[in-house]
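One chain comes next, on its own, written out as structure tokens in the form predicted alone.
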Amino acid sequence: MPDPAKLVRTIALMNQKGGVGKTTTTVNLAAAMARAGRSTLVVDLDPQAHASLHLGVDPGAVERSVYDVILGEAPITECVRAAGENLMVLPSTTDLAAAESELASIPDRQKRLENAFRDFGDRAEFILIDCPPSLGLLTINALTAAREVIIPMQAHFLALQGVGKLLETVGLVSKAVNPRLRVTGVVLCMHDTSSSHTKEVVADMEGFFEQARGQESPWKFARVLRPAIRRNIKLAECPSFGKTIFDYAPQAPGAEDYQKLADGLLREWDALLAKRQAEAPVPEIVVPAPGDGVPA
């Protein structure tokens, strides 16, 4: 039975723009958490199934996938596959592209993934959802099921403009169905620290988040997460081999950056758990009176 006191950290990684490092970040951040000994599940919610391929799962050979889970045709426990030590994946297939229209007439269509996670219990401490590059019903399912949002992006002006649309969607979902949803921050991918344009975009992003501190919004505690993920050809190569960066090129800068990013998130999580445990009420010890079946 799942432990009701055990928290599961569920993170949706989203960006409606393709090619920004979203899947690369989902897979390698999850792998870094698994390397730290934490049970981690990757949910591939993209019909392109790139996260599945990245983890060595051939979508053409998958019998049960996230599509079956979303449509209620199979329990999540029958669809999750091992992808390494402490690492699991709920794979995707191209069938998922039809889910948007098939879900349209189903009650609670935006909560299908949330209900599946409830059935999965605490088998994973971390769940990372690779959202599709769109703001449709699949992404709404991810945002309804998640507690946090991380936005992978490149530090370009147009990408910065797109973040506003993402935050608007997060705000709508937060108001309508998931008031607990929060934006953790932005991960800078394929980062070039020498570019003056890059520095300007990062400064603008940090300024925007700083201004949001005093507002009541899901991103009032958001920040630019560190370290930025440096541009690294090994990160682009490893998906074609069905490997994470840690299996393909463990000495590459990409492996170092993703491990440091994961370590920072894990430290914050562990501090939160410690605080939660310290604030938990101490159970009152009741001393039985003589005559209650206990010798005096």
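We number the residues from 1 along the sequence you see. Bear in mind the structure is a predicted one, so any value in this text is a computation, not a measurement.
Although not depicted, the form predicted together with a small molecule is the subject of the following passage.
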Can you tell me whether A36 touches the small molecule? I mean in the predicted complex, with a 4.5 angstroms heavy atom cut-off.
no
Examine Q259 and determine whether its closest non-hydrogen atom to the small molecule in the predicted complex is within 4.5 angstroms.
no
Any non-hydrogen atom of M88 within 4.5 angstroms of the small molecule in the predicted complex
no
Does I11 reach the small molecule in the predicted complex if we count a contact as any heavy atom within 4.5 Å?
no
Heavy atom within 4.5 Å of the small molecule in the predicted complex: which of C79, M190, A212, V201?
M190
With the small molecule left out here, work out from 231-239, 58-66, 244-252, 261-269 which stretch has heavy atoms within 4.5 Å of it in the predicted complex.
231-239
